[in-house]
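Form predicted alone, single chain, as structure tokens, below.
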């Protein structure tokens, strides 16, 4: 069976609504957002959907996170605590503001950082905590926000995979000080590339808005470029698509969740397979569907499972990322600014303890990566697609159990 894919129209809810708004932009002849209307309208409507004071669209999810870090305004050599399992787009913004990413271990069942793994990493240089709600599963935010209050450290929520995921009645992204979203191709809503920054606190709005637009004070009596900032503006073409997508995203989330619930029902009690949890206190929105595979039981690694599923047209991601993000060369070898190794080797850190990323400090991360197999997911999965995936997983389970029995 050929499954719908989020890389093309088969798995993406795009159509006449987007085309109609794009036509308006083209006919206006105004494609940029400073003079156009679509991004401005999208900002207001997204903020309303999330019940926050404001939202600002930008060029990518990475740009959204960079904007959040810049708004927190770390000094060179300051530290931001985050997760070991994430896309590098979570980490790059920290380095670009000359701060140092400090990694907390994860819960191997949820793949998210926890208050228990965060607190030992807090130092006098900690400037923020960046929480990633991986795969659409909310992190346990109450204890994390208690740490935020205890140490007076702001929390940035990376919600790039977690549109309308909810934690104890609140949308993730509205719990910490700043929430960041991605509009990249595979996300619950998409403009190809794009991002959004939200916050509840009006005092943050001006800094966020300025950073997205070269810190130029549009509308000020005597505007200037007030601080170092980039052009992270979204075009009005993207804004048009975003407006149409915003009207669909809640339905997209519900369809993904309904399909995921079907798969969960099919795979319950399957030996050696642990399924993602979703309950009233923590609503999972399934950017992808992660399985935890008991590789000891089967006597093979997750790559073997992935290969067998690939033969059936199911393109899963064994381990999600092949190694913890701190093992990427840019971090391992400090390939940052020329040969300086900044911000790790920085005059502002003179006399302070060297930052060392030791894989032995992250046993839960290594366990999580060893056992996770990430199934592809999108809003156009039908019951037939889900049945096919479930049968394929069960066939792989039966096959490797029988093979292990033969070896024994």
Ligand SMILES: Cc1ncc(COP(=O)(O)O)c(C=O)c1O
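Positions refer to the first chain, counted from 1. Values in this document were obtained by computation on a predicted structure and should not be read as measured data.
The following text describes the form predicted in complex with the named molecule, which does not appear among the structures shown.
- Among 177, 184, 117, 110, the residue placing a heavy atom within 4.5 Å of the named molecule in the model of the complex is 184.
- Note on the partner interface in the model of the complex: the residue among 213, 87, 205, 79 having a heavy atom within 4.5 angstroms of the named molecule is 87.
- In summary, the region of this chain contacting the named molecule in the model of the complex, judged by heavy atoms within 4.5 Å and restricted to 233-241, 94-102, 79-87, 217-225, corresponds to 79-87.
- Among residues of the shown chain, residue 290 is not one whose heavy atoms approach the named molecule to within 4.5 Å in the model of the complex.
- Taking non-hydrogen atoms only, residue 197 never approaches the named molecule to within 4.5 angstroms in the model of the complex.
- At the 4.5 Å threshold, heavy atoms of residue 132 reach the named molecule in the model of the complex.
- Using a 4.5 angstroms threshold between heavy atoms, residue 378 stays clear of the named molecule in the model of the complex.
- With respect to the named molecule in the model of the complex, the three residues 170, 278 and 285 uniformly fall beyond 4.5 angstroms at the level of their nearest heavy atom.
- Contacts of stretch 52-70 with the named molecule in the model of the complex, defined by any heavy atom lying within 4.5 Å, are made by 60, 61, 62, 65, listed in sequence order.
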